[in-house]
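Have a look below at one chain only, the form predicted on its own, in structure tokens format.
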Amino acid sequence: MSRTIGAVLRVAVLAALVAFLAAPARFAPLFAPLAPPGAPAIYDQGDLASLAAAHLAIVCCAALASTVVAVGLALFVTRGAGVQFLPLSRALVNFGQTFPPVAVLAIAVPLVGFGEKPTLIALFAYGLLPIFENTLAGIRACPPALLEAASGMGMNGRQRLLGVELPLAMPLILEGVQLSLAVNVGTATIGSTVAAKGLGEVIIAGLLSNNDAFILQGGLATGLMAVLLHEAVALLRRRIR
């Protein structure tokens, strides 16, 4: 019953988000009380659907890059030759959490210019830690007896990794990806301060014009997107498990 209710809620949230992005003008009466007198109730300086798509794209691209690097690094430091590099690896992946994304943007803009690139760098750095640590935990949780049995069946190191360790660690790895995605959906809004396309543009426009309707639209769309991504990865984790 609870799973059915959860599925209905997910569909309802998705439907609400799609309906708003596809035809935001229909929701103008709901936001009109929050808009200043004479100001538009719906953000009209850009297409909301396009901004949401750009926002989602930059978050997913950053998450993909973070996953590849973090999982690869975690696998390297759990192999014999890489164990000694674990402290250094932890220091590197903690960089994104130590420095706020705004500070990373300030460093990246002079190097790569304005737009999506500095935002991608900030989100990439911010998303490394949870994926790296969860991959480590998943690999280390693999029962030694199971690895011995795999070796007894004639598996080499690569076969054990691909056939035993990674499948068993996958739910934990996806949990790290899930956390990284959910956090970065909100964090990506700051990318609009360096001219990256996204829903942060709507929030910033609302702040500059003192229009609470714009702020609520950008915040709601970002929040619903974060919830949907979180639930999508959670569903994938349950399927794998």
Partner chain sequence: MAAPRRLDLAGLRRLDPLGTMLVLAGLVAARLPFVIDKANRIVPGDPRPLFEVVPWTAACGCALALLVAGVAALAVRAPGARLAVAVLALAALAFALGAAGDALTPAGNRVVRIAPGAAFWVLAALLGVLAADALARLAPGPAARVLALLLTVLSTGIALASGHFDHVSVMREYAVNADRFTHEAWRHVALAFGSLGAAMVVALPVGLVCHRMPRLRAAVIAALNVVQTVPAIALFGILMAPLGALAAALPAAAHLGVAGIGAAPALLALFLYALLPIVANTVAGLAGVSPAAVEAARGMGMTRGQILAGVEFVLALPVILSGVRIALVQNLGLVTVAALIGAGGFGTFVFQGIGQAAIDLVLLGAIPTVALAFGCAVLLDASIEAMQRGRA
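From a predicted model like this one, the values you see are computed outputs, not experimental measurements. Numbering follows the first chain given and starts at 1.
There is also a form predicted in complex with the partner chain; it is not shown, and the following applies to it.
For a residue to qualify, one of its non-hydrogen atoms must sit within 4.5 Å of the partner chain in the predicted bound form; all three of 106, 189 and 215 qualify.
The partner is absent here; in the predicted bound form, the one residue of 61, 39, 207, 30 having a heavy atom within 4.5 Å of the partner chain is 207. Proximity of residue 102 to the partner chain in the predicted bound form: non-hydrogen atoms within 4.5 Å are present. Interface residue remark: residue 174 is not counted as part of the site for the partner chain in the predicted bound form, having no heavy atom within 4.5 Å. Put simply, residue 13 is far from the partner chain in the predicted bound form: not one heavy atom of it is within 4.5 Å. Contact check for residue 80: every heavy atom lies farther than 4.5 Å from the partner chain in the predicted bound form.
Partner contact region in the predicted bound form: 207-215, out of 22-30, 207-215, 61-69, 44-52, criterion any non-hydrogen atom within 4.5 Å of the partner chain.
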